[in-house]
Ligand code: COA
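Only one chain is shown below, in structure tokens, and it's the form predicted alone.
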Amino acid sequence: MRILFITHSFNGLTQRLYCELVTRGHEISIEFDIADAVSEEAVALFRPDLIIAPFLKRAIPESIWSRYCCLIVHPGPVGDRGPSALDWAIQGGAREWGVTVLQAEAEMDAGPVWASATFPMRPARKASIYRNEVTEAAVQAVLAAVNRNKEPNFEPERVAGQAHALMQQADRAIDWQSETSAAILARLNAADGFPGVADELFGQPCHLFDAWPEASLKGEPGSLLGRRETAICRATADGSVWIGHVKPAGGIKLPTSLAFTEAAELPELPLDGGYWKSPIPTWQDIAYEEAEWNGNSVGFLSFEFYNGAMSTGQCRRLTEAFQWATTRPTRVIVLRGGSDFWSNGIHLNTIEASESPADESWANINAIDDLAEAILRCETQLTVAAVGGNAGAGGCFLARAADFVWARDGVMLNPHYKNMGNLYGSEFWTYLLPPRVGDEGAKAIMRHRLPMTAPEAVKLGFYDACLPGPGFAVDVARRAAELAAAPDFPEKLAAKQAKRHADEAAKPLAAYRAEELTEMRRNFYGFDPSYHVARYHFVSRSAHSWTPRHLARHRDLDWKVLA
């Protein structure tokens, strides 16, 4: 079918639905919900068989839903209506939730139901549940609804429901003196991603994000107990929680210690055991574990960086952690990334907040290149990138620096830089990509501004394996153990060393890096401000003023001819 997406943005859920439907042979075009007239024009140009709204912040106009079947993806179970659906569910401690695909009508979320799917809730941030459980349920429900749209005798069911109001900051407010850590975490989790919880730190108004539990530290409720790297710890009525990110009034979202220089005066609370994973819940953005099978050890290095962004300091700390991991008596090192993101490359928010964004961009890209080079030059272990979360831009190529890349089925990959002001890109992609996909394939991937699924990445030769979503971590551990215990492990390690030496003799890594950074320097310091403009709009969450042409196919000049 010819399906038009009307959506607020091309977020992860929209990307996943786009890929799932394109894979099944449907013709998809996308229009951002900028204004009624713009959406009406898109409908007139594309002449869709069906309209799907994966992510909207306002109603589809009657001029469209009265003439076309419009299916709304609502992040709530059948009967749930109104905004802030997931927020209310998390803050209220719902044990089960779901996604409903319903037809647009005059009353919000009150149209007949085409399909639905449910899932058990887990104690997690709203953004994490949305990227995982909500997305998987939405895929299931949308595919069912699309199939039913082709059934002539299918009749969607009208269901009575109860609407809830938009959650206000008054509903989210935290009483640090009387509320428990669990209650405060529920409020912070329900607001994570957007809009955050309005509060104060150091006497200044801000919104709080990125909360972590703390199992042992206690103090006067509401007081600030200390800091660890970029996060601060705040006491609750029965313990404490960590706050990783804040958005100061009138500012952008930043790591807490960067947003408030006063945080430097708090006592440092170092993590016992260094990189080793703490046995109790606490804030730890880099963690290391080891497991042994039949005398062969595997190291697992995790890096839980908020939204997958890697600042200069984080890249340097992770490089140090990786180099330390290579000194351990292991045969394989698995780079796990984070639970929701493996990596999205350089940290655009910390760059935007710096005194010189050009200089900080330069420092950040060099720091992530140092990490990629450390992985590439590792000769003591085989390395695996276990991409269990989404990855974008430089993060996709940072993963490729490992000897093997195993991706979870369901993750979304955006292995391109051009959407951020035509960045050239680094992380040794000019060395890593062509041998796997060919020169033309490399050019196609770098020009391609659309998302890629894990199966597609494997099919192209970019990544090595796509593993099922359920049990991904267990499957990765099993495969890593088999790799470490393989009888031919010494031969594999020797072959890796020989290839690296041969590649270095043919063209040193320093040469690839210098060529890439020459182009990146033009992006950062050159006359074309595209990167700086795109970064500003990205971190400021500027409203879209138009839909990019690679998404809005109906706006191609040749569309009418092609149609």
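Residue numbers here begin at 1 and follow the sequence given. Here the structure is a predicted model, which means the values were calculated and not measured.
Here the subject shifts to the form predicted together with the ligand, a form of this protein not shown in this document.
Novice: Which is the contacting stretch out of 305-313, 78-86, 468-476, 167-175, given heavy atoms within 4.5 Å of the ligand in the predicted bound form?
Specialist: Careful reading of the contacts points to 305-313.
Novice: Just one of R131, R336, R331, R234 has a heavy atom within 4.5 angstroms of the ligand in the predicted bound form, so which one?
Specialist: When the ligand is considered in the predicted bound form, the option within 4.5 Å is R131.
Novice: Is K253 near the ligand? Define near as a heavy atom within 4.5 Å, in the predicted bound form.
Specialist: Yes, contact at 4.5 Å.
Novice: Quick check on A363: any heavy atom within 4.5 Å of the ligand in the predicted bound form?
Specialist: No, A363 is distant from the partner.
Novice: Within a 4.5 Å heavy atom cut-off, is T547 in contact with the ligand in the predicted bound form?
Specialist: Result no; T547 lies far from the ligand in the predicted bound form.
Novice: Although the partner isn't part of this model, could you tell me whether G244 comes within 4.5 Å of the ligand in the predicted bound form, counting any heavy atom of the residue?
Specialist: Because no heavy atom of G244 falls inside 4.5 Å of the ligand in the predicted bound form, the answer is no.
Novice: Scan 1-40 and write down, in order along the chain, each residue with a heavy atom lying within 4.5 Å of the ligand in the predicted bound form.
Specialist: Counting only heavy atoms within 4.5 Å of the ligand in the predicted bound form, the contacting residues of 1-40 are F10, N11, G12, Q15.
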